[in-house]
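So this first bit is one chain, no partners, the form predicted on its own, shown in structure tokens.
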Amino acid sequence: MVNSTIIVHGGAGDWPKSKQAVGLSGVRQAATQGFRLLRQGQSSIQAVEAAVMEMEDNPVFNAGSGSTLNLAGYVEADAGIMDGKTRRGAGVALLRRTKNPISLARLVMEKTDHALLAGKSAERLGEAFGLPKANLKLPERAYQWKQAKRRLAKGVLDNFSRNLKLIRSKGQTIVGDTVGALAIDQNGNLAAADSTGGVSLKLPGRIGDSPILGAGLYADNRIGAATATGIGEIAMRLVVSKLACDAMQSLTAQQAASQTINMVTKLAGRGLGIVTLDRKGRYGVAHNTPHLCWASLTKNRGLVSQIHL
């Protein structure tokens, strides 16, 4: 019997000191919630969904109720989930009203033949199965959006240089970070899940790596599981979660995470973090951003958490 393990992250990036304590508390709570299900004999899929739901309901994280706003000022949330036993998975994108996007992703995986659904049609499916709705646009995120829009107007934002040129030439009318969880249950089945509000001030319609299998997440009982956080375009272009899992064929989870981030830095620069979990229940954490907030819980080691520098 495998030693059940769960590891969760609350996102890579720059965690200000004022947010670090509540961030650590949030990932600890998410890991504890997921591990409680593993101890009860429930599946890794159930554990990662529960852990991510916990973070979606915590506004400190950029997911669910804490989602950032796009350039037009509204939420377009993404999520993904994958079962390492069957290698089936699914993602959902551009959600505005679904309280827990990760539950809708699981519904798509288990109830449809598709691997990605987006927008109003995806939300109608959730409504048909009784998934709760919510207003995901919180006052704090709206305030942050207004401040960012002012900086954008002054041309002082570091990100989206091409978008800035586009907005200036064509007008604004055309136009943070991920949480994730990995688990292995007592039967040796791996699972991965993630959820995000996406990058603040993104163009409407932008879909990141979180709902993309192989990029934002991947799980395969034969090798391991991984989930990425940071700049989604980097994760998609380099298919980083699948690369990290492939590396675990010969490396430990930590070695695979470190090797993947070293490669990302050389090929694409900074802006990414990754969490890995191998078939033996060993986990790894690596990033080239200022911080990565994470927590892990196993029967042998207990609860470990950190704002990783």
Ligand code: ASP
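Residue positions are given as counts along the sequence shown, with the first one as 1. Just so we're clear, the structure is a prediction, and the values are computed from it rather than from any experiment.
One more form of this protein, predicted together with the named molecule, exists but is not displayed; see below.
Out of the listed residues 94, 71, 199, 131, 199 is the one that sits within 4.5 Å of the named molecule in the model of the complex by at least one heavy atom.
Shown alone here, residue 83 lies farther than 4.5 Å from the named molecule in the model of the complex, counting heavy atoms only. Not displayed here, the named molecule is kept clear of residue 126 by more than 4.5 Å at the level of heavy atoms in the model of the complex. Interface residue remark: residue 185 is not counted as part of the site for the named molecule in the model of the complex, having no heavy atom within 4.5 Å. Taking non-hydrogen atoms only, residue 117 never approaches the named molecule to within 4.5 angstroms in the model of the complex.
Stretch-level contact analysis of 85-93, 102-110, 191-199, 219-227 against the named molecule in the model of the complex, using heavy atoms and a 4.5 Å limit, identifies 191-199. Along 197-221, residues 198, 199, 206, 208, 209, 210 each place a heavy atom within 4.5 Å of the named molecule in the model of the complex.
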